[in-house]
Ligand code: AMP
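There is one chain below, alone, in structure tokens, taken in the form predicted on its own.
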């Protein structure tokens, strides 16, 4: 079956494509197969599983996708430090077994363990005991993240939901925040490109940076081999969607689209409510002919 990607505003003509989602392999609440089932139930046609710093869920997700009749894109979301800021770079259509990628992700996961211990120590200084053990109750064996600490804190009544707990505890200047160095931007892009993948700057609207800093980031991202930017994100406002469509065109970057799905309780847009890419953008999937995707003429 050929999936026709319409550039018109009529969303009913376009198959649903979500190129950013998470499972229990990182900090999502659904297993890889459950995530695929959730997407299939919303009539998603193409889904990328992009767990944080891990690709261990891709085999399970692919088996589930084959059964559900949807296309799965191999993905990962790599944690990056740039200019003392934490950024995320999504890799799409990666080869998960590429040695440099595997080694790089393993190094990041090891760093997460030390960061978790420091977060727990900071929480303890503010009277919150048992944070490390509590966070691991919500995590799997490979990844420990701030989201797991957030779920622990919500379960103990320190905040009403994940959004609130991040604001009160886990961001700069709050109890539980610690600084950490992740992969370098160029390293992450090299791992993705070396594996045959497409580096995508994830949810740029979340980085709260001024125009000059953003332009510097985009220049370095592209110079290092970055190819695309998330124009449509579940955490973007409509104004941000328009802003980053213009950014993509100005910098000659492909445009991606993803919900950043983690769990049913997140406040982001559902997979089936993501807007289409603005017509001036070139979709990151514009040449994914092996998935049966092609651009329809503009309406």
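In this text, all values refer to a predicted model and were calculated from it rather than measured experimentally. Numbering follows the first chain given and starts at 1.
What follows is about the form predicted in complex with adenosine monophosphate, which we do not show.
- Although the partner is absent from this view, residue 27 contacts adenosine monophosphate in the predicted complex, with a non-hydrogen atom inside 4.5 angstroms.
- Heavy atoms of residue 241 never reach within 4.5 Å of adenosine monophosphate in the predicted complex, leaving it off the interface.
- When adenosine monophosphate is considered in the predicted complex, residue 145 lines it closely, a heavy atom lying within 4.5 Å.
- In the predicted complex, no heavy atom of residue 31 sits within 4.5 Å of adenosine monophosphate.
- The candidate spot formed by 52, 115 and 262 lies fully in contact with adenosine monophosphate in the predicted complex, as each residue has a heavy atom within 4.5 Å of it.
- The stretch that touches adenosine monophosphate in the predicted complex, counting heavy atoms within 4.5 Å, is 107 to 115, out of 192 to 200, 107 to 115, 213 to 221, 127 to 135.
- In terms of contact with adenosine monophosphate in the predicted complex, the residue from 98, 166, 158, 82 that brings a heavy atom within 4.5 Å is 166.
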